[in-house]
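This document starts with one chain, in the form predicted on its own, laid out as structure tokens.
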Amino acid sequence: MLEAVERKIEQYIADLGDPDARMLYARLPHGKRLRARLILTIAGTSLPAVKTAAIVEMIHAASLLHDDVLDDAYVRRGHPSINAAFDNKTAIMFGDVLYSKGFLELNDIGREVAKVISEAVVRLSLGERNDILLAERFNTDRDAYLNMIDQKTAALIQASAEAAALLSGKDRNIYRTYGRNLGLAFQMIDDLLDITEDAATLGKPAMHDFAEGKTTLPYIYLHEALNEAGRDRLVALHGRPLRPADEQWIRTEMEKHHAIDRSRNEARRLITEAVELMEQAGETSLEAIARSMIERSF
């Protein structure tokens, strides 16, 4: 199914008539194509579904290009990021090209689908901004974290499921809820893997999120559980490069206070709700996608 999406993206890039755009796209790692798989599983492989999947993946790629610049990230899925291989200007401008081309092609899909995806990109942009603001200090507000990942990550996954439902004449509301739960769980597990996995598995430095100022759910739960001295130490480590001893201390304390398990269980609850919702609707083909959100190591 995904081969058709890849060909459509390549066609959209070729339509630009720009050799640099083709070269830059060829250097982008394709990733899991979660959003495309979701759309095709719900809506089938009709041309509108393939086009929508391609557009959403282009928009997602654009957001990652901008994200790497904002985060000063020089590795993306084990490969040099575009901003590392070239420069920030190239990454930003190519991201703008992908966004613009995606929105142009949305005009051929239909008003409602275009509206759903466009609104998601607005929320995604707000989420990026909130992510930066939250990183200015050690965030202890769980609701602020959840709101940020709802915007930054869940919005486009939610929109993918809802747009696919619109294309196939299904109930958009239950698919919107399903997609939102997937998106939240996906980001929660990503945040966990940043702590539990090594750099070789992640394709980026371990604990990079905390070093760059992000306070994800396990750190919020750990902060709640620590005594005053432990809280002071954790906050002092926030937003700076960590020594191996510091990393080990954080992992040990998280294990001791069950911060990882507590966060993983929250993601599992979201996935269970999503699967049950689809089962009630007689849609069993989406369980594997949902389970893959939490049963992964990268």
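In this text, residue numbers run from 1 along the sequence as written. Quantities reported herein were computed from a predicted structural model and do not represent experimental measurements.
The same protein also exists as the form predicted together with a small molecule; that form is not shown, yet it is the one meant from here on.
Shown alone, this chain has one stretch from 81 to 89, 222 to 230, 117 to 125, 171 to 179 that lies within 4.5 Å of the small molecule in the predicted complex by heavy atoms: 117 to 125.
Residue contact check for F138: none of its heavy atoms lie within 4.5 Å of the small molecule in the predicted complex. Interface residue remark: D67 is counted as part of the site for the small molecule in the predicted complex, having a heavy atom within 4.5 Å. In the predicted complex, M254 stays away from the small molecule, with no heavy atom inside 4.5 Å. Remark: K204 counts among the residues lining the small molecule in the predicted complex, judged by a heavy atom distance of 4.5 Å or less.
A single residue from the set E105, E197, D150, D190 has any heavy atom within 4.5 angstroms of the small molecule in the predicted complex; that residue is D190. In terms of contact with the small molecule in the predicted complex, the residue from A259, A62, I42, L270 that brings a heavy atom within 4.5 Å is A62.
Proximity of D71, Y99 and K214 to the small molecule in the predicted complex is complete: all three residues have a non-hydrogen atom within 4.5 angstroms.
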